[in-house]
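A single chain comes next, written as structure tokens; it is the form predicted on its own.
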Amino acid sequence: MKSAIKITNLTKYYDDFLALDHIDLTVNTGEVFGFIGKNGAGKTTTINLILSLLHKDDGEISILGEQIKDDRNYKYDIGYVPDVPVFPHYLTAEEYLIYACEMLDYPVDKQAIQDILSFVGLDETTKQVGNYSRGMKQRLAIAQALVHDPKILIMDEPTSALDPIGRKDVLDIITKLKGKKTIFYSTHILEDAEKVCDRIGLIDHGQIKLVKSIDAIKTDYIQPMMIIDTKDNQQLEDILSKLDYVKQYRSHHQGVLVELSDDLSDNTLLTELVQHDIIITRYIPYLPTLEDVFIEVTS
């Protein structure tokens, strides 16, 4: 499969601080690639290097098979959505997209502009941008990133400052774009990445720690686990500590989180607890999330 973005040995220093440590990364054409990590992990630095907003110290970046050099024409293949977009407050959405087309020296097609505004849910508003909510501004940022019909959409923390409704709106737009655009989606909100991404790359302290599909992560990292709550969780933990088929356990806000041996039936532990006259108030399967994987990989 042809790569939309290919990063090789990418390195960036800020004075003596190593922000990116010789990272390698490939984003396939047509996929939603989640670039996840804590704030300060190196996500925005990577994006700024892709966009030639920073100079790299070493390594190569290729867009659609062509290595980035001094020619900036490759940017016409990219739409960029920042985390906190800023617009002239006195323009309407349509006026701003016309302005964006003119800045890009791209033909102004008012019907296409209306189609894009409809796609992001802004076709029925005539308000000036200064009167927009935070979520509306983020949807307008996506619209301006799409106005020149780019092949690649780069989104830097697009949901980080949004309320739950605004986050859902943005994630719904990403879902509708799946397979139509290559999306490089940077975020530290692991729940969002899990909902929309085909693959993820996990970056921590400037190093790539993991690149896998969501399905592969579930296979490789998600182990049989249970949440158990009882009338006496201290007594429960005393029993768990003596069972060789219990890999580990820890306190959880719903009780005690227990990881079992891979081939163990859930009923084995349940039977054991009943035989010890443990009064069980909760005994349910626990499905680990990307957050659990992130903690395991980076700890």
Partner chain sequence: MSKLLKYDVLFLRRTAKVIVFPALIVLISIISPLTAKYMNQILASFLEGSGVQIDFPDPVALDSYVQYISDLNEIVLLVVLFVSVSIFIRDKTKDLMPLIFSKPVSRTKYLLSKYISFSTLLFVSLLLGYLVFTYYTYVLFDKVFLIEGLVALLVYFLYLLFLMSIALVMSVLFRTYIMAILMTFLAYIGFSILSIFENVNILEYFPNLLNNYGISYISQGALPEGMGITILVAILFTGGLLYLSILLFNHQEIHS
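Whichever C-alpha set is largest while still superposing within 1.5 Å between the two forms counts as the rigid core. Numbering follows the first chain given and starts at 1. Quantities reported herein were computed from a predicted structural model and do not represent experimental measurements.
Another form exists, predicted together with its partner chain; not displayed. Remarks below refer to it.
Remark: all three candidate residues (Tyr14, His55 and Ala100) come within 4.5 Å of its partner chain in the predicted bound form, counting heavy atoms only.
None of the heavy atoms of Gly121 is located within 4.5 Å of its partner chain in the predicted bound form. When its partner chain is considered in the predicted bound form, Thr44 lines it closely, a heavy atom lying within 4.5 Å.
In the predicted bound form, its partner chain sits beyond 4.5 Å of every heavy atom of Leu117.
The closest heavy atom approach of Gln248 to its partner chain in the predicted bound form falls outside 4.5 Å. Look at 209-217, 195-203, 78-86, 172-180: in the predicted bound form, residues with non-hydrogen atoms within 4.5 angstroms of its partner chain sit in 78-86.
Proximity to its partner chain in the predicted bound form, taken as a non-hydrogen atom within 4.5 angstroms, holds for one residue of Thr271, Asn48, Gln235, Ser261, which is Asn48. Note on contacts: among Arg134, Lys168, Arg72, Lys127, the single residue with a heavy atom within 4.5 Å of its partner chain in the predicted bound form is Arg72. Core-superposed comparison between the shown form and the other one: the C-alpha position of Leu91 differs by no less than 2 Å. The rigid-core alignment places the CA of Gln128 2 Å or more apart between the shown form and the other one.
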